[in-house]
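As a starting point, one isolated chain is supplied in structure tokens, in the form predicted on its own.
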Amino acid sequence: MNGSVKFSLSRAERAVFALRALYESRGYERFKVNKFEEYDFYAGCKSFLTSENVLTFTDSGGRLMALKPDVTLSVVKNADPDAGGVRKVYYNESVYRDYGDGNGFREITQTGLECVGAVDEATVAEAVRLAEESLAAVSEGRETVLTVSHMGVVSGVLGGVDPSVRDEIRGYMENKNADGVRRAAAGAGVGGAVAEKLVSLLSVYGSFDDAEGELLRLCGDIPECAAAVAELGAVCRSAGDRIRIDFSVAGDMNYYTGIVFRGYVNGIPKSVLSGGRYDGLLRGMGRARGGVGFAVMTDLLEAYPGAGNAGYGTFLTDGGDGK
């Protein structure tokens, strides 16, 4: 006899089902990656990773292998698009990371998507829209916000500043440390006017329409910045109304070359989603193509039980072999 049986699903499991349905409805294909790769593959991209610590082991052939600390790198390595096309994939995978908090390595579940190939502004805009929809899909009714910036604005202001100094300044900007930005700039001989532009960028927050005038006032006279602001506007206006400009959102300037973003759900004090355009990563791997994507840290939905209500998924079964 057919009947209805209720199975309890965790918040993370509900999120994975919702995200999978969302991505497949938009034509993204499921992509599976290996649990491990040769260590040398990750060693060359350590600054792209959340932590430089990688969990390694030696296989039976004597090769030094690593449990994957990141999914994007594996997708980029293995997902070859057709000539002139874009490969659009999604995944639900575990990564193994040491966050340096004294708790050692952890297995972390991520669901996300990547677009690799002839990535253009329309592809980036689609990724940002899907990031915003992903937040809505996992929030269980909680308020969400997607914070967005553009690496071209910061790199345009900094101009030809030494990469190590740029990375130091970027780190201070991520922490909204205005004094740190000024000290790093002064120590590198960067003019005070440049430092003040960067500090002023940290105070820019709100919808793109609210932020556009201030951005153009600060750096619209710099061609790279003006182009980045124009792209930022086109992408933000094509998405929803839960997007906020925030230049503390950044990434390694050797890898991230365009729009970068982070997503938040009310009740969770950490970003549950992060991503951006990473053409620089692909160039560093000898790939003449572009990439954009993001990951949702579904484990965080379990770590903060106040950020949603428990629920059930209902599945039909005949009480026998399940067919």
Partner chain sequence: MKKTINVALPKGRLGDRVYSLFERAGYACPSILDPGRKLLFENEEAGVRYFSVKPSDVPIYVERGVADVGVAGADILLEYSPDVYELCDLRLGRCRMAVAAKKDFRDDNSRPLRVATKYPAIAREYYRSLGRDIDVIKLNGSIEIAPLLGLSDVIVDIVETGKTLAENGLVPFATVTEISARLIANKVSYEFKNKEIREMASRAEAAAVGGEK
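Model, not experiment: these values are computed from the prediction. Positions refer to the first chain, counted from 1.
Below, we turn to the form predicted together with its partner chain, even though it does not appear here.
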Among the candidates 93, 252, 126, 246, the residue which, in the model of the complex, approaches its partner chain to within 4.5 Å (heavy atoms)
246
Checked 214, 133, 174, 224 for heavy atoms within 4.5 Å of its partner chain in the model of the complex; positive is 174
Location of its partner chain contact in the model of the complex, chosen stretch of 289-297, 63-71, 267-275, 37-45 [non-hydrogen atom, 4.5 Å]
267-275
Between its partner chain and 179, 205 and 304, in the model of the complex, does every residue show a non-hydrogen atom at 4.5 Å or closer?
yes
Residue-level contact is defined here as any heavy atom of the residue lying within 4.5 Å of its partner chain in the model of the complex; does residue 82 satisfy this criterion?
no
Classify residue 144 as contacting or not contacting its partner chain in the model of the complex by the rule of any non-hydrogen atom within 4.5 angstroms, answering yes or no.
yes
